[in-house]
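In structure tokens, the next block holds one chain alone, the form predicted on its own.
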């Protein structure tokens, strides 16, 4: 070993070349092939897949392969991130020789293996390339191997539990566990709404007060009859006496989780509960992720029959959640139980989840919260949501405060998440004739400005900081409003408007933005328009916004770059999907009526704050952006904006099915060429006649 997570040999890195792959294919197929051998369809397909895996590893992971034999191999598709555990992969590798080390990075769909000799590694390269194995989920997976000079993995270093977090193992006996599980009567009268509430994907019971998942709060004026079950009296008294808890809880939520279920990352509302959230895990172990606003994530193992106690910083500042999956990445070494899952990639494997029942206890707060985290405390920030606009002036003010100012503040962080073009937007641009002049209205950091080098593209964005970032990337971009683009009428062959028009606060302003795109087009020119869809589940299929559970942010919608469930060999583009991490600290407000949110009878209604990674329940809402890193370019922010984890709220109007087409039909001199749904967005292609 050359260092933590690094293998290095005595050689210098060589070029990634085609001959190695050809040698492999020919050797696997027939050792007697001559140099002028013509590849079969099967061999060509394998070769394409292997080259694609190699390019994907280099582009997305920085893993460089070499065309000559070394002791080390990268195994694409053979990783924890796509359901291949150490117990499945290691035996197959050991059949080819003595394995010195098997390195399996967490959440990555590849691994590294080092053999004692280069000859053993060559045997694995020949024998296992294209070999099908069965993963932990029963899925069939084809392995693609390539030689590497060295295998590097950035270790996270030693981690500590979040301050104020405690895991007490074996807090109760197995006999008490059985008794407590049997005490929960899931079959009782489902009409008794005081004590039982159901969620779509799990069984839930509430005692003392009903816990509202939409805002992580309770209604203090509506206690449930009966209080907590008597069976808990002696147990809670014991925990108090032994010092594990400070308050006797008066609220209990019981959740039963099947394998594959999870909990969205959240913080229980400050003003709702005292400084202590306690959870007992029965039936099965689980890995819970704790995330600090600066991006640090600490996975914590909660063993069966363990008690999790969150106080102080871990309760008020860190989000906690459980990723929905059927396997957890855990320590492979025996004897490891509760606490942090370390980043020792030589000691990680998969553990199959079982049915877990959690008993979460809280003490309802009767006075405002005065914690030490005022910037994220709803009692101390006194935030209020803006109202739906009743006039063009109010709409302009709403956009200025909750669109323009926000993107100016978060420009740097926002740009760092803009790296994956949406495939169908790319297809639109690549289909345009060479030499076309294209305006990207609302171009952000210029993600699409360099897609097709045969086009003349110019970007326009309301944020000066984002326009400056485009300039730094050597793209042409100017500062301008989507309602008044500073370009000559009829000058463009095509226009883009990707995830922009949903930021306009009235139906009239949204139509005006469409009309402005048409103004820019020459006769025969086309415009591609994307807006967020209210229907995040369409044709019985959930969008990636609902399915994915990774840390990300986005003006459009974005997925994290280390998409663990996507095999490396696929190497395709992953459509962006939206914000999903930390919860909002502003209590959610009841949904606003009306299709467009512009009628006079709702002008005093407050905009609800959306809970990330959930379905939309209102068309006009605020979507949180959890800021990380420095503020926008040359834009100092105030006390709230400069703090790590500052939350900004962006206004959105999410479109119902048919609404975008209906708005386009109000325009004169256009044809609607195409309309479709693409991963949580409604999309149209217009042509100017």
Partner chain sequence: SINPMEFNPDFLACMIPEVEWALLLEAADTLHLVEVPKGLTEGYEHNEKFLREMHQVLLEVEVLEGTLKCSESRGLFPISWGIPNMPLSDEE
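Numbering follows the first chain given and starts at 1. Treat the numbers as computed from the prediction; the structure is a model and nothing was measured. The term rigid core refers to the most C-alpha atoms you can superpose between the two forms while keeping them within 1.5 Å.
Not pictured, yet referred to below: the form predicted together with its partner chain.
Sole residue of 462, 610, 356, 315 within 4.5 Å of its partner chain in the model of the complex, by heavy atom: The residue from 462, 610, 356, 315 that makes the contact is 462.
Partner-contacting position among 471, 262, 450, 229 - heavy atom within 4.5 Å of its partner chain in the model of the complex: If I apply the 4.5 Å criterion carefully, the residue I get is 471.
Answer range among 161-169, 299-307, 281-289, 484-492 for contact with its partner chain, defined in the model of the complex as heavy atoms within 4.5 Å: Stretch with heavy atoms near the partner: 484-492.
Interface membership of residue 390, its partner chain in the model of the complex, 4.5 Å heavy atom rule: No - in the model of the complex, heavy atoms of residue 390 and its partner chain never come within 4.5 Å of each other.
In the model of the complex, residue 374 touching its partner chain (heavy atom, 4.5 Å): Outside the cut-off, so no.
Contact test in the model of the complex: residue 419 vs its partner chain, heavy atoms, 4.5 Å: Outside the cut-off, so no.
Any non-hydrogen atom of residue 434 within 4.5 angstroms of its partner chain in the model of the complex: Yes, residue 434 sits close enough to its partner chain in the model of the complex that at least one of its heavy atoms falls within 4.5 Å.
CA of residue 445, rigid core aligned, shift of 2 Å or more between the shown form and the other one: Yes, because once the rigid core is superposed, the C-alpha of residue 445 moves 2 Å or more between the shown form and the other one.
Did residue 489 shift 2 Å or more between the shown form and the other one, C-alpha, core superposed: It does, since the residue 489 C-alpha is displaced 2 Å or more between the shown form and the other one after the core fit.
Exceeds or equals 2 Å, Cα of residue 466 between the shown form and the other one, core fit: Yes.
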